[in-house]
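Take a look at this single chain, the form predicted on its own, given in structure tokens.
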């Protein structure tokens, strides 16, 4: 009942905020496409082909890191035998990461690889959550929503960590030759065995693509739809249409909170599956 009331309060507040902003909508000239462009906030010299300038994506990464560090320090200082709400919430997240993700799919190596699985889950969850907060980093320094996980460079980097750690775990467990030999099917005919080996190599790279693109596409699409709904409410300059569109955008916003958690969960559990497969799977 409390959750239902909270949802209605959020929807009403969101509609009222949208209606309050409506009169200035014509002057704001919000361009949805430009909200996803990255312009230097602090210009720095280039290091060869690499531009070291600070963009809003970098700022969001800094914010994510800061929130995680501050949260970890806070938890370490308030640990009690009888936990409060904040400690209970953090323990719930830990339980989801340890038992619901790593423990549920990994039969070996949980103690060794849980720190990475838990870290990637928390990092993506926090970055997704920060992306749902309006910050003055939009076009012309307007308040805007931006998910750093909606940046393909970020998701590829996260996927590369999983890719590298997966093969490191397999090589460490079985040795380089034993790990690579496990990609073949010993009982298969010679030509088929080589074909299976090539197919496995291709599938490993497709894992990298699927991990990065899945997270990127879901977060980008969600924020794009939110931006379109809000912009349409401003463009139509009609209080009736704006109230309907703004109510829809608030509902989508609540759904995006769920998506933010689900995408972090999926990325972490797939990472656990891949690492676990490298440790124990025989072909």
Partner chain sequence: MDSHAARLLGAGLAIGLGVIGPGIGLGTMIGSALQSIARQPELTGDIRTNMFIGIGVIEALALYAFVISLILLFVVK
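Predicted model, so just to flag it, every value in this text is computed and none were measured. Positions refer to the first chain, counted from 1.
The discussion below concerns the form predicted together with the partner chain, not included here.
Trainee: For a quick test of understanding: in the predicted bound form, does each of 213, 221 and 269 have a heavy atom within 4.5 Å of the partner chain?
Mentor: Checked in the predicted bound form: all three residues contact the partner chain.
Trainee: With the partner chain left out of view, choose which of 63, 57, 217, 228 has a non-hydrogen atom within 4.5 angstroms of it in the predicted bound form.
Mentor: If I apply the 4.5 Å criterion carefully, the residue I get is 217.
Trainee: I need to confirm a contact call. Of 105, 171, 110, 90, which residue comes within 4.5 Å of the partner chain in the predicted bound form, counting heavy atoms only?
Mentor: It is 105 that has a heavy atom within 4.5 Å of the partner.
Trainee: Given that the partner is absent here, state which listed stretch (158-166, 126-134, 195-203, 96-104) has heavy atoms within 4.5 Å of the partner chain in the predicted bound form.
Mentor: Contact-bearing stretch, as computed: 96-104.
Trainee: Using a 4.5 Å cut-off on any heavy atom, which residues of 77-97 would contact the partner chain in the predicted bound form?
Mentor: Residues within 4.5 Å: none in this stretch.
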